[in-house]
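Starting off, we have a lone chain in the form predicted alone, written out as C-alpha coordinates.
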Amino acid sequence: MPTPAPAKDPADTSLRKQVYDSLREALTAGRFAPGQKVTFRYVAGALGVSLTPVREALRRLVAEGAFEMHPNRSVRVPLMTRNKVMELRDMRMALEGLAAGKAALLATRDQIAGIRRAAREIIAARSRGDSITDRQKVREFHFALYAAAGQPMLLRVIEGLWLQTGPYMNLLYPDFISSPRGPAGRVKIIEALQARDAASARREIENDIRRALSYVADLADEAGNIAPARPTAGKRRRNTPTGTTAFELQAH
(Lines give C-alpha, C1' and ligand atoms only; values in the text may rest on other atoms or scores of the structure.)
Protein backbone atom coordinates (compact mmCIF):
# COMPACT_ATOMS: atom_id res chain seq x y z
CA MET A 1 0.00 0.00 0.00
CA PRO A 2 1.25 3.54 -0.75
CA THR A 3 2.50 5.50 2.20
CA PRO A 4 0.04 8.28 3.08
CA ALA A 5 1.32 11.85 2.86
CA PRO A 6 2.15 13.33 6.25
CA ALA A 7 -0.50 15.66 7.66
CA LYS A 8 0.35 19.35 7.55
CA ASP A 9 0.99 21.14 10.80
CA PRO A 10 -2.04 23.42 11.46
CA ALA A 11 0.28 26.22 12.54
CA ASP A 12 2.25 25.89 9.30
CA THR A 13 -0.95 25.96 7.24
CA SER A 14 -2.13 29.05 9.12
CA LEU A 15 1.18 30.82 8.44
CA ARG A 16 0.98 30.08 4.72
CA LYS A 17 -2.52 31.52 4.61
CA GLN A 18 -1.44 34.64 6.48
CA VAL A 19 1.42 35.25 4.06
CA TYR A 20 -0.92 34.81 1.11
CA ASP A 21 -3.58 37.08 2.62
CA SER A 22 -1.01 39.74 3.51
CA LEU A 23 0.26 39.82 -0.06
CA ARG A 24 -3.28 40.01 -1.43
CA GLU A 25 -4.07 42.92 0.85
CA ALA A 26 -0.84 44.70 -0.09
CA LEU A 27 -1.63 44.30 -3.80
CA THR A 28 -5.20 45.52 -3.55
CA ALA A 29 -4.14 48.50 -1.42
CA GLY A 30 -1.59 49.64 -4.00
CA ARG A 31 1.46 48.77 -1.90
CA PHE A 32 3.17 47.45 -5.02
CA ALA A 33 3.70 49.51 -8.17
CA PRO A 34 3.11 48.44 -11.79
CA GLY A 35 6.13 46.68 -13.22
CA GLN A 36 7.80 46.40 -9.81
CA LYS A 37 10.14 43.45 -9.30
CA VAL A 38 9.99 41.76 -5.88
CA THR A 39 12.30 39.03 -4.62
CA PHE A 40 11.17 36.12 -2.47
CA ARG A 41 13.82 37.09 0.07
CA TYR A 42 12.50 40.66 0.36
CA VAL A 43 8.96 39.45 1.05
CA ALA A 44 10.22 36.91 3.61
CA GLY A 45 12.20 39.63 5.36
CA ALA A 46 9.31 42.10 5.32
CA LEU A 47 6.96 39.51 6.83
CA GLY A 48 9.53 37.91 9.14
CA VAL A 49 8.95 34.38 7.82
CA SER A 50 10.94 31.69 6.02
CA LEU A 51 11.09 31.40 2.23
CA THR A 52 8.78 28.36 2.06
CA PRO A 53 5.41 30.04 2.76
CA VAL A 54 6.47 33.04 0.65
CA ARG A 55 7.34 30.82 -2.29
CA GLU A 56 3.99 29.06 -2.13
CA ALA A 57 2.02 32.30 -1.74
CA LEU A 58 3.79 33.99 -4.66
CA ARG A 59 3.31 31.01 -6.92
CA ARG A 60 -0.38 31.02 -6.08
CA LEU A 61 -0.61 34.73 -6.88
CA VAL A 62 1.23 34.16 -10.17
CA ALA A 63 -1.45 31.61 -11.07
CA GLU A 64 -4.10 34.25 -10.27
CA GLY A 65 -2.46 36.81 -12.56
CA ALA A 66 -1.35 39.16 -9.78
CA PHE A 67 2.36 38.58 -10.40
CA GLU A 68 4.57 37.27 -13.20
CA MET A 69 7.29 34.77 -12.34
CA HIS A 70 10.86 35.86 -13.12
CA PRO A 71 14.25 34.13 -12.75
CA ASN A 72 16.37 34.25 -9.60
CA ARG A 73 13.49 33.78 -7.18
CA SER A 74 11.64 36.95 -8.03
CA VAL A 75 8.28 38.04 -9.37
CA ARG A 76 7.08 41.20 -11.10
CA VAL A 77 3.81 43.09 -10.99
CA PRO A 78 2.47 42.80 -14.56
CA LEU A 79 2.46 45.82 -16.82
CA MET A 80 -0.89 46.84 -18.24
CA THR A 81 -2.19 47.83 -21.63
CA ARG A 82 -5.05 50.19 -22.33
CA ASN A 83 -7.22 47.30 -23.56
CA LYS A 84 -6.65 45.26 -20.42
CA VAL A 85 -7.44 48.19 -18.14
CA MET A 86 -10.66 48.86 -20.05
CA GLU A 87 -11.67 45.21 -19.78
CA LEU A 88 -11.01 45.18 -16.04
CA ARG A 89 -12.86 48.51 -15.71
CA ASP A 90 -16.00 47.08 -17.28
CA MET A 91 -15.86 43.93 -15.18
CA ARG A 92 -15.36 45.88 -11.97
CA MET A 93 -18.20 48.27 -12.78
CA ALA A 94 -20.60 45.37 -13.28
CA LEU A 95 -19.63 43.36 -10.22
CA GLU A 96 -18.95 46.18 -7.77
CA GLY A 97 -22.09 47.95 -8.90
CA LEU A 98 -24.01 44.76 -8.12
CA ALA A 99 -22.42 44.54 -4.68
CA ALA A 100 -23.08 48.20 -3.88
CA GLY A 101 -26.73 47.85 -4.85
CA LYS A 102 -27.17 44.84 -2.60
CA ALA A 103 -25.29 46.58 0.22
CA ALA A 104 -27.73 49.50 0.05
CA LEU A 105 -30.55 47.08 0.85
CA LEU A 106 -28.77 45.12 3.58
CA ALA A 107 -26.17 47.31 5.32
CA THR A 108 -26.59 47.64 9.07
CA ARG A 109 -26.18 50.88 10.99
CA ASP A 110 -22.78 49.73 12.26
CA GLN A 111 -21.63 48.82 8.76
CA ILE A 112 -22.66 52.21 7.41
CA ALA A 113 -20.82 53.87 10.29
CA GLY A 114 -17.67 51.94 9.38
CA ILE A 115 -17.95 52.97 5.73
CA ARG A 116 -18.44 56.60 6.75
CA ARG A 117 -15.40 56.42 9.03
CA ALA A 118 -13.23 55.10 6.18
CA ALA A 119 -14.41 57.97 3.96
CA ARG A 120 -13.38 60.50 6.61
CA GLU A 121 -9.99 58.83 7.01
CA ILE A 122 -9.38 59.13 3.26
CA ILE A 123 -9.92 62.88 3.50
CA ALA A 124 -7.63 63.13 6.55
CA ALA A 125 -4.87 61.15 4.83
CA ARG A 126 -5.04 63.31 1.71
CA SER A 127 -4.97 66.52 3.72
CA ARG A 128 -1.58 65.51 5.18
CA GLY A 129 -0.23 64.03 1.94
CA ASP A 130 -0.12 60.48 3.29
CA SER A 131 -0.59 58.45 0.11
CA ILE A 132 0.07 55.09 1.79
CA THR A 133 -2.75 55.51 4.31
CA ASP A 134 -4.88 57.09 1.59
CA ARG A 135 -4.68 53.96 -0.59
CA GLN A 136 -5.27 51.70 2.39
CA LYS A 137 -8.39 53.61 3.41
CA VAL A 138 -9.71 53.61 -0.15
CA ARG A 139 -9.46 49.82 -0.05
CA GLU A 140 -11.19 49.72 3.35
CA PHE A 141 -14.01 51.93 2.11
CA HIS A 142 -14.73 49.78 -0.92
CA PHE A 143 -14.43 46.41 0.76
CA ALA A 144 -16.50 47.48 3.78
CA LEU A 145 -19.18 48.48 1.29
CA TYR A 146 -19.01 45.21 -0.66
CA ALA A 147 -18.88 43.09 2.50
CA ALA A 148 -22.18 44.66 3.53
CA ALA A 149 -23.80 42.94 0.53
CA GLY A 150 -23.46 39.64 2.42
CA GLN A 151 -22.26 37.68 -0.63
CA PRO A 152 -18.84 36.14 0.06
CA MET A 153 -18.44 34.56 -3.39
CA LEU A 154 -19.06 37.90 -5.09
CA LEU A 155 -16.63 39.56 -2.70
CA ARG A 156 -13.93 37.03 -3.57
CA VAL A 157 -14.32 37.65 -7.30
CA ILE A 158 -14.06 41.40 -6.73
CA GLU A 159 -10.89 40.88 -4.70
CA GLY A 160 -9.43 38.95 -7.64
CA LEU A 161 -10.01 41.91 -9.95
CA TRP A 162 -8.46 44.30 -7.44
CA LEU A 163 -5.33 42.14 -7.36
CA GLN A 164 -4.70 43.27 -10.92
CA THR A 165 -5.83 46.90 -10.69
CA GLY A 166 -4.61 47.67 -7.14
CA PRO A 167 -1.02 48.48 -8.19
CA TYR A 168 -2.39 51.00 -10.69
CA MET A 169 -3.87 53.09 -7.88
CA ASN A 170 -0.36 54.57 -7.75
CA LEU A 171 -0.97 56.23 -11.12
CA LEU A 172 -3.88 58.22 -9.68
CA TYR A 173 -1.51 60.27 -7.52
CA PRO A 174 -1.25 63.19 -7.32
CA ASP A 175 -3.34 64.58 -10.19
CA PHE A 176 -6.47 62.41 -10.25
CA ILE A 177 -7.11 62.39 -6.51
CA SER A 178 -7.03 66.19 -6.35
CA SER A 179 -10.49 66.27 -7.90
CA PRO A 180 -13.37 66.91 -5.45
CA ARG A 181 -15.50 64.35 -7.30
CA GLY A 182 -14.11 61.44 -5.27
CA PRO A 183 -15.14 62.74 -1.82
CA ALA A 184 -18.49 63.91 -3.20
CA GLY A 185 -19.13 60.49 -4.68
CA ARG A 186 -18.40 58.74 -1.39
CA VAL A 187 -20.84 61.06 0.38
CA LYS A 188 -23.52 60.13 -2.17
CA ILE A 189 -22.81 56.42 -1.65
CA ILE A 190 -23.26 56.77 2.10
CA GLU A 191 -26.49 58.72 1.57
CA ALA A 192 -27.71 55.96 -0.74
CA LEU A 193 -27.00 53.35 1.93
CA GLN A 194 -28.93 55.34 4.51
CA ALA A 195 -31.87 55.76 2.12
CA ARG A 196 -31.81 52.09 1.00
CA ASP A 197 -31.42 53.40 -2.54
CA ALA A 198 -29.81 50.52 -4.44
CA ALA A 199 -29.92 52.24 -7.82
CA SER A 200 -28.05 55.31 -6.57
CA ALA A 201 -25.43 53.26 -4.73
CA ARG A 202 -24.79 51.22 -7.85
CA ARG A 203 -24.60 54.29 -10.07
CA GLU A 204 -22.12 56.11 -7.82
CA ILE A 205 -19.77 53.13 -7.55
CA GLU A 206 -19.90 52.58 -11.31
CA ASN A 207 -19.11 56.25 -11.90
CA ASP A 208 -16.19 56.12 -9.45
CA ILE A 209 -14.64 53.07 -11.15
CA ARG A 210 -15.28 54.47 -14.63
CA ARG A 211 -13.52 57.74 -13.84
CA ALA A 212 -10.51 56.16 -12.12
CA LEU A 213 -9.75 53.38 -14.58
CA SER A 214 -10.53 55.50 -17.63
CA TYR A 215 -7.94 57.95 -16.31
CA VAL A 216 -5.39 55.12 -16.00
CA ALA A 217 -6.24 53.81 -19.48
CA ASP A 218 -5.71 57.27 -20.96
CA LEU A 219 -2.12 57.25 -19.66
CA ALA A 220 -1.22 54.63 -22.27
CA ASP A 221 1.30 55.52 -24.96
CA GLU A 222 0.67 55.25 -28.70
CA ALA A 223 1.34 51.51 -28.59
CA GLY A 224 -1.28 51.09 -25.85
CA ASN A 225 1.21 50.37 -23.04
CA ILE A 226 0.96 51.99 -19.61
CA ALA A 227 4.22 53.02 -17.97
CA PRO A 228 5.10 51.94 -14.40
CA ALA A 229 4.27 54.23 -11.52
CA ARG A 230 6.91 56.31 -9.80
CA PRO A 231 7.34 56.19 -6.01
CA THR A 232 4.85 58.44 -4.20
CA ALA A 233 5.50 57.82 -0.54
CA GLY A 234 8.34 59.80 1.02
CA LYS A 235 11.88 58.55 1.36
CA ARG A 236 12.83 55.17 0.01
CA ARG A 237 13.95 52.72 2.67
CA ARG A 238 17.21 50.87 2.26
CA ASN A 239 16.71 47.52 0.49
CA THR A 240 13.06 48.38 -0.21
CA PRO A 241 11.93 47.91 -3.83
CA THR A 242 11.00 51.08 -5.70
CA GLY A 243 7.42 52.26 -5.26
CA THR A 244 6.47 50.31 -2.18
CA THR A 245 6.95 50.18 1.57
CA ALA A 246 7.35 47.28 3.95
CA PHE A 247 4.13 45.59 4.97
CA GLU A 248 3.24 43.47 7.96
CA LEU A 249 1.97 39.95 8.36
CA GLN A 250 -1.76 40.20 8.94
CA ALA A 251 -3.75 37.86 11.16
CA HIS A 252 -6.77 36.59 9.20
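Since the model is a prediction, treat every value here as computed from it, not as a measurement. The first residue of the sequence shown is number 1, and the count goes up from there.
Keep in mind that the form predicted in complex with a further copy of the same chain is missing from the display, and what follows is about it.
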Next item on the list: Although a further copy of the same chain is absent from this view, report whether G48 comes within 4.5 Å of it in the model of the complex, heavy atoms only.
Entry: no
Check: Should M91 be classed as touching a further copy of the same chain in the model of the complex when contacts are defined as heavy atoms within 4.5 Å?
Finding: yes
Check: With a 4.5 Å heavy atom cut-off, would you call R120 a contact of a further copy of the same chain in the model of the complex?
Finding: no
Notebook entry, point to check: Should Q151 be counted as a contact of a further copy of the same chain in the model of the complex, where contact means heavy atoms within 4.5 Å?
Noted result: yes
Notebook entry, point to check: Does each of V62, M80 and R156 have at least one heavy atom within 4.5 Å of a further copy of the same chain in the model of the complex?
Noted result: yes
Margin query: Under a 4.5 angstroms heavy atom criterion, identify the one residue in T39, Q194, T52, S200 near a further copy of the same chain in the model of the complex.
Written below: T52
Next item on the list: Sort through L171, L163, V75, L95 and report the residue having a heavy atom within 4.5 Å of a further copy of the same chain in the model of the complex.
Entry: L95
Item checked: Partner-facing stretch of 207-215, 29-37, 64-72, 186-194, counted where any non-hydrogen atom is within 4.5 angstroms of a further copy of the same chain in the model of the complex -> 64-72
Notebook entry, point to check: If we check a further copy of the same chain in the model of the complex, which of the residues in 25-45 reach within 4.5 angstroms of it by a non-hydrogen atom?
Noted result: none
Check: Quick one: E87 and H70 C-alpha atoms, closer or farther in the model of the complex compared with this form (3 angstroms or more)?
Finding: closer
Item checked: Residue pair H70, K84 - Cα distance in the model of the complex, closer or farther (3 Å or more) -> closer
